[in-house]
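Here you get one chain, nothing else, as structure tokens; it is the form predicted on its own.
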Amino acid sequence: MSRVVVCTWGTTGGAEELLTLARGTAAALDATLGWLVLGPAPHDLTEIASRQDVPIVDRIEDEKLQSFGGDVAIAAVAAYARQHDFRLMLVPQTFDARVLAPRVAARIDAGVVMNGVGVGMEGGVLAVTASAYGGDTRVVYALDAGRFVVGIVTSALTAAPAAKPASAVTRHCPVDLAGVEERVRVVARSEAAGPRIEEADILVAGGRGLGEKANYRLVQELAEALGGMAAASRPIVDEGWAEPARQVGLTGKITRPTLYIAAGISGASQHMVGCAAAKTLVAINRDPDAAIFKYARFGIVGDCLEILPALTRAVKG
């Protein structure tokens, strides 16, 4: 029987969402499900594995894996892949995954797909749906034969427990990393001061519908009134209306707020990747056919330059 393996490192977010996807994929392939954890594990690893009905959790622990390093992590996963066969390895798409997945695939002679947003069966063939052309469209890759490493954007996934949770068996998988050294070392990391939009419970995001840079203050005022943070779509960040740290989307930040208000944002797929996991999405747009309304729980058709101030006044009472 083939295997579907989820590979995570440290306390990487999105692990449980990815395991939910992998569990369904394994069932469709009549395959077993496994979880490979590099370095330090999440504190609730056992509970997650039980909820997701993961029968086997493989651990690779080494002093060199205490923090993520490209060369060491790649060597560890490649060594594991040579010892343990699998049909599909899924990794949560992060900056680190962009370093890891393609190089691991090259070392073990596997195919690789990045920017994945879904996995399923089409015509009896395993297929991965991925974001393409900067998120402007979707492409479906048929994974007909061989094994594959696939990066999945987990922000739009939802974690769901298995119908029959079970106890997992943890295996320690030693690999020889003695001769592996990092060729590139990070000597200093940029530190963002203050709160981050990835952690915000309430976000108000503005797009091109604001018309000009000066109107971005309307987004900021509503966000402040709600006790949240202001965010932005890529086009207005590129125009310099908002700083890059506030960009939501495939090439920006992936967010999971309780409330997301999108003002003057069309709803292009690359932006929705960054906010689709919001519990409640409110859209404000003059175009009743704007794509954003397909994702919104509540929609307001109108000029955001009029509606944003009205909402701010209502919140302030």
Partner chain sequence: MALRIVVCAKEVLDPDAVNNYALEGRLVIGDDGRSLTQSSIPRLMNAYDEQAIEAALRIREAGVQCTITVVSVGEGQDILKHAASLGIDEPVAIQADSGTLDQHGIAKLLAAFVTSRGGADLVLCGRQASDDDQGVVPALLAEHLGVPAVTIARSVEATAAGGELGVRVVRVTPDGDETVTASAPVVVTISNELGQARYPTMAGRMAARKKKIASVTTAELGIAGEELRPRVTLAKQFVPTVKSSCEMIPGNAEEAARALIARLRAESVVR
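Bear in mind that the values here come from a model prediction, so they are computed numbers and not experimental data. In this text, the rigid core denotes the largest set of C-alpha atoms whose superposition between the two forms falls within 1.5 Å. Residue numbers count along the first chain shown, from 1.
There is another form of the same protein, the form predicted in complex with the partner chain; it is not shown, and what comes next is about it.
So which stretch, 58-66, 40-48, 260-268, 27-35, is the one near the partner chain in the predicted complex (non-hydrogen atoms, 4.5 Å)? The contacting stretch is 260-268.
Contact of residue 213 with the partner chain in the predicted complex (heavy atom, 4.5 Å): Residue 213: no contact with the partner chain in the predicted complex.
How about residue 84 - does it come within 4.5 Å of the partner chain in the predicted complex, if we only consider non-hydrogen atoms? The answer is no: residue 84 has no heavy atom within 4.5 Å of the partner chain.
So in the predicted complex, is the partner chain close enough to residue 253 to count as touching (4.5 Å, heavy atoms)? Result yes; residue 253 sits at the interface with the partner chain in the predicted complex.
Interface membership of residue 172, the partner chain in the predicted complex, 4.5 Å heavy atom rule: No, residue 172 sits far enough from the partner chain in the predicted complex that none of its heavy atoms falls within 4.5 Å.
Among 177, 132, 159, 162, which has at least one heavy atom within 4.5 Å of the partner chain in the predicted complex? Contact with the partner chain in the predicted complex is made by 132 alone.
In the predicted complex, residues of 211-241 near the partner chain [heavy atom within 4.5 Å]: Those in contact are 226, 234, 238.
Could you check whether the CA atom of residue 60 moves 2 Å or more between the shown form and the other one, using the rigid core for the fit? Where the cores coincide, residue 60 shows only a C-alpha shift between the shown form and the other one that is less than 2 Å.
Return yes or no for residue 229: a CA shift of at least 2 Å between the shown form and the other one, with the rigid core superposed? Passes the 2 Å threshold, so yes.
C-alpha of residue 308 off by 2 Å or more between the shown form and the other one on rigid core: The answer is yes, as the C-alpha of residue 308 shifts between the shown form and the other one by 2 Å or more after core alignment.
Would you mind telling me if residue 22 and residue 69 are closer or farther apart in the predicted complex than in the shown form, C-alpha to C-alpha, with a 3 Å or larger change? Residue 22 and residue 69 sit closer together in the predicted complex.
Shorter or longer C-alpha distance for residue 181 and residue 69 in the predicted complex, given it differs from this form by 3 Å or more? They are farther apart; the C-alpha distance rises by 3 Å or more in the predicted complex.
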